[in-house]
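Below you will find one chain, with nothing else, as structure tokens; this is the form predicted alone, and questions on how it binds or moves follow later.
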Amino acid sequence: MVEIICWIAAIFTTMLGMASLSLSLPNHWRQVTGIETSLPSRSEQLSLRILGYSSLVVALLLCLAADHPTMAVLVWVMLLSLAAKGIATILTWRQHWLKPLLWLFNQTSQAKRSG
């Protein structure tokens, strides 16, 4: 049972990581916001990249917790490719699905600016 929870959490964190890394790129940021002149600030880009890479590391650790290391690394690599394909598909067909993640970073950056 614990292994299944670790696999599901690994899938979720891999998707989150790939989504964060894609939103750190200006073209995908504009694609999701729908505003041609919208660009992520340097701090938003850095935060998105830190979240993206740390999510991918957490996914690797979850895979290692769920299975033997050789199988865990193999599954993690396959999850990376599937997540990249999934995020590319979402960016193509349903960009608005990534808006909650964008909203989270807009709220964080607005809180930093006002505080």
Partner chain sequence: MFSSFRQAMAWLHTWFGLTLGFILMVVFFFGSLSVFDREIDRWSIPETRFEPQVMPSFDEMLLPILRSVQPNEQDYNTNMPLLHDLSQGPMTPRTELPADEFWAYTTHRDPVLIMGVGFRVPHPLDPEGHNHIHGNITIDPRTGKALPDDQLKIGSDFFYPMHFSLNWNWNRIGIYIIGIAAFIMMAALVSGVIIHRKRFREFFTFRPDKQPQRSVLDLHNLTGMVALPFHFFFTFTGILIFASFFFFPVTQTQLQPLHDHHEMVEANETGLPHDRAGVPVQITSIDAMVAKAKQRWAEKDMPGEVGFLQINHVDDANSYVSIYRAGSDRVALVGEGMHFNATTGKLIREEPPRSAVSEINEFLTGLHLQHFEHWLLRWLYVFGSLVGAICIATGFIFFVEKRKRQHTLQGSSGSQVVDALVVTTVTGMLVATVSMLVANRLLPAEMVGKGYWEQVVFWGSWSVMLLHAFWRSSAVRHMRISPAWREQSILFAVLAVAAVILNWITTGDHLLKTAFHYWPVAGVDLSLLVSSAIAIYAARYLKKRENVAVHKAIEFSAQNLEAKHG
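Positions refer to the first chain, counted from 1. This one's a predicted model, so the numbers in the text were calculated from it and none came from an experiment.
Just so it is clear, the following notes concern the form predicted together with its partner chain, a form of the same protein that is not shown.
- Within 4.5 Å of its partner chain in the predicted complex, a heavy atom is found for none of F12, S41 and L61.
- Between its partner chain and the residues M78, L46, I35, V57, the one pair within 4.5 Å by heavy atoms in the predicted complex involves M78.
- In the predicted complex, its partner chain sits within 4.5 Å of a heavy atom of L25.
- Taking non-hydrogen atoms only, M71 approaches its partner chain to within 4.5 angstroms in the predicted complex.
- Shown alone here, I50 lies farther than 4.5 Å from its partner chain in the predicted complex, counting heavy atoms only.
- When contacts are judged by a 4.5 Å heavy atom cut-off, A84 counts as touching its partner chain in the predicted complex.
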